[in-house]
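Just one chain is shown here, as structure tokens, and it is the form predicted alone.
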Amino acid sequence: MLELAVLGLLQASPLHGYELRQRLKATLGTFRAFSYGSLYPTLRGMKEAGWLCEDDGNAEVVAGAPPLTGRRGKVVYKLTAEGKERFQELLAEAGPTSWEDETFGVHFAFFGQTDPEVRVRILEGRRSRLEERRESVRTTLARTRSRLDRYTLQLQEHGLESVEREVRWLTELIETERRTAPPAASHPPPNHPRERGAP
């Protein structure tokens, strides 16, 4: 998850460590609290994997990106060609790891760079997971409602409402994605005049 977030931000512009941490907080909001303790070991591992490299504070900035604000000589992290490939690989993942609580928000933050079909698969997977959770909470409430004090009951009902609200939100997103999806490319059938070189 942290690798995807780092690669996505460095895709836009080289950043030094402090800037990167601030951008992570701004981009991901309350989805995840990042700390120096987790960030720098991850950066070292990504450097060893060949996905990023280090430069000094005078590194060239990508055209159109905001300028670096670090002092002269501060280490700046930049994506390598392998890092860009790794970012695309992570964006294409649409299995269970992309719709769990800890990872969905990170994938969603980079939906603008994700293939439309992958976006829909992730949204559908997330909705399915929450629908399972919703039914589990409903079953538990029906079985234990009479034994819960009113505060515990309100907490359980609040959790159920939160899940139902996210399911509705996801359904709206999926419907919007399907409405706005570009039409599939049409290919002329075999023996069509265009296939034979006719005008």
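When you see a residue number, it is the position in the sequence shown, counting from 1. Note that the coordinates shown come from a computational prediction; the quantities given were computed from them, not determined experimentally.
Heads up, the form predicted in complex with another copy of the chain isn't pictured, but that's what we're talking about next.
- Using a 4.5 angstroms limit between non-hydrogen atoms, R86 is distant from another copy of the chain in the predicted bound form.
- Shown alone here, Y40 lies farther than 4.5 Å from another copy of the chain in the predicted bound form, counting heavy atoms only.
- Residue contact with another copy of the chain in the predicted bound form: A142 places no heavy atom within 4.5 Å of it.
- At the 4.5 Å threshold, heavy atoms of E135 stay clear of another copy of the chain in the predicted bound form, well away from it.
- Residues G105, F108, A109, F111, G112, R119 are the members of 99 to 132 with a non-hydrogen atom no more than 4.5 angstroms from another copy of the chain in the predicted bound form.
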